[in-house]
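Below: one protein chain in two forms, given as C-alpha cells, structure 1 then structure 2.
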Structure 1
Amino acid sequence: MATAAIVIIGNEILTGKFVDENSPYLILRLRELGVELQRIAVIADDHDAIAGEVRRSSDAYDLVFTTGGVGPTHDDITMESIAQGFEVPLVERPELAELLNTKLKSRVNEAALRMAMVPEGSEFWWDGGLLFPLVVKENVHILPGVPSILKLKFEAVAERFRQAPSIHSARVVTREREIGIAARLEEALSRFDVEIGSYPRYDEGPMHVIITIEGRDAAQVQAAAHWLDDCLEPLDVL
C-alpha cells in the first residue's frame, strides 16, 4: 500500500487570507485511489522550510504532493526550494520556454519564463492532454495552488496512483454513547479484518455516534457493518 504526504505551501493559508481547499480534496481522492495518507504539513513561503519539509517527506513516504508557489510572482518559490532540498540546480527547460512563448506570444516576459525553471532531473507528465505538464521531481508531484487548476491536473494523472485493491467503507450510526460501545467495537476488530473509527456528534440533532468501517476486503467490511448494525441500538431520526 503506497503511503503519501501532502505539503501545503503558502503564507495565505497560515494567515487565514484563504481557506485551504486543496488538502480536503486530496485527502478524499487519495483515499478513493487506495493510497494511505500519513502526513499533511502547512508551511510558509520560506526556502529552507519548503526544502526541508519536501526532502524529509520524500525520504519517508512513497508519494509527496506539494501545492502552491509555482507561478510567476516573487513569492512563487516552490521550484527553487525543491531544487534546494534535492541539492540540484534550478534549470530552464527549453520545451517549457517554447511552450510559454507559443501560448503567450507578445505577452511573454521574464516573469512568465520563470515557469520554465524546474529542478534538474524533473519529469513532465502530459496525461489527459494537459496544456502545461505536471512537474515531478523523483517522488514529489508539484501541483499548483489554485484549487480548480490543481483538481484539473490531479485528475489527469490520478490513475497513476491507484492501488489494488482499493479501500471499501461502510458506516453505522447508533444512539448509544462511546463508553457503552467500546467493548463491542473491540470485538468487531477481533472478528473482522477491518479498521474501525467512532465519532460522536452532539450538534446535529440528537446525540449519536458515527462508526466507520474500512478495509480492502469488501466482504469483510460488509460483514463487520452488518454485525455492528445488529448489536448496536440504531438512531431512529437524525
Structure 2
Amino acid sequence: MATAAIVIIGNEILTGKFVDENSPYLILRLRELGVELQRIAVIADDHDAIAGEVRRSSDAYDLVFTTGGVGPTHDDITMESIAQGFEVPLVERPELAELLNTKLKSRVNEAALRMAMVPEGSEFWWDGGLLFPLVVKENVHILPGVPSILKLKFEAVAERFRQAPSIHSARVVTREREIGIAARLEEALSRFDVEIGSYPRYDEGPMHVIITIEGRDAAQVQAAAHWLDDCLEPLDVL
C-alpha cells in the first residue's frame, strides 16, 4: 500500500487569511484511492522550510503532494525551494516557455516566464488534456494552491495513484464513558485483526463515544463491530 504526505505551502493559511480547502479534499480523495496518508504539514513561504520538509517527506513516503506557490509573483517560491531540497538547479524548460508564449502571446513577460522554470529532472504529466502539465520531481507532485485548479489537476492524474485492495471500516457508538470501555477495546484488538479508534463527543446531543474500526479484511471488521456492538451499551436517543 502506498503511503503519502501532503505539504501545504501557505502563509495565507497560517495567518488565517484563507481557510485550507485543499487538505480536506486531498484527504478524502487519497482515502478513496486507497492511499495511506501519514502526514500533513502546513508551512510558511520560506525557502529552507519548503526545501527541508519536501526532501524529508520525499525520503520517508511513497508519494508527496505539495500545494501552492507556483504562480508568477514574488511570493511563488515553491519550484526554486524544491530544487534546493533536491540539490539540483532550477532550469528553464523550452516546452513550457513555448507553451506560455503560444498561450499568452504579447502578454508574455518575465513574470510569466518564471512558470517555465522547474527543478532539473522534473517530469511533465499531460493526462486528461491538461493545458499546462503537472510537474513531478522524483515522487513529489507539485500542485497549485488555488482550490479549483488544484482539483482540476489532481483529478486528471488521480487514477495513477489507485491502490488495491482498499480499507474497510465500521463504527459503533456507545453512551458509556471511555474509562469504562478501555479494557473491552483492548480485548477487541486482541481478538480481531483490526485497528480501533475511540473519540468522545460532548457537544452533539448527549455525551457519547464514537468507536471506529478499520482493517484490510472486511469479515474481521464486521466481526469486531458486532462483538463491540454486543458488549457496549448503545446510545439510546428517543
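All residue numbers here follow the sequence of structure 1, with the first residue given the number 1. We call the rigid core whatever largest set of C-alpha positions still superposes within 1.5 Å between the two forms. Treat the numbers as computed from the prediction; the structure is a model and nothing was measured.
Quick one, which of these two is the form predicted in complex with another copy of the chain?
Answer to the question: structure 2 is the form predicted in complex with another copy of the chain, whereas structure 1 comes from elsewhere.
Residue marking the hinge between structures 1 and 2 [rigid parts; choose from P165, H74, L131, E92]:
So the residue sitting at the hinge would be P165.
Rigid-body comparison between structures 1 and 2: how many degrees does the smaller part rotate once the larger part is superposed on C-alpha atoms?
From C-alpha superpositions, the smaller part turns by 9 degrees.
Supposing the core is put in the same place in both forms, how far has the CA of A223 shifted between structures 1 and 2, in Å?
Displacement of the alpha carbon, after core fit: 5.1 Å.
After superposing on the rigid core, what is the C-alpha displacement of E195 between structures 1 and 2, in Å?
Residue shift at the C-alpha: 3.4 Å.
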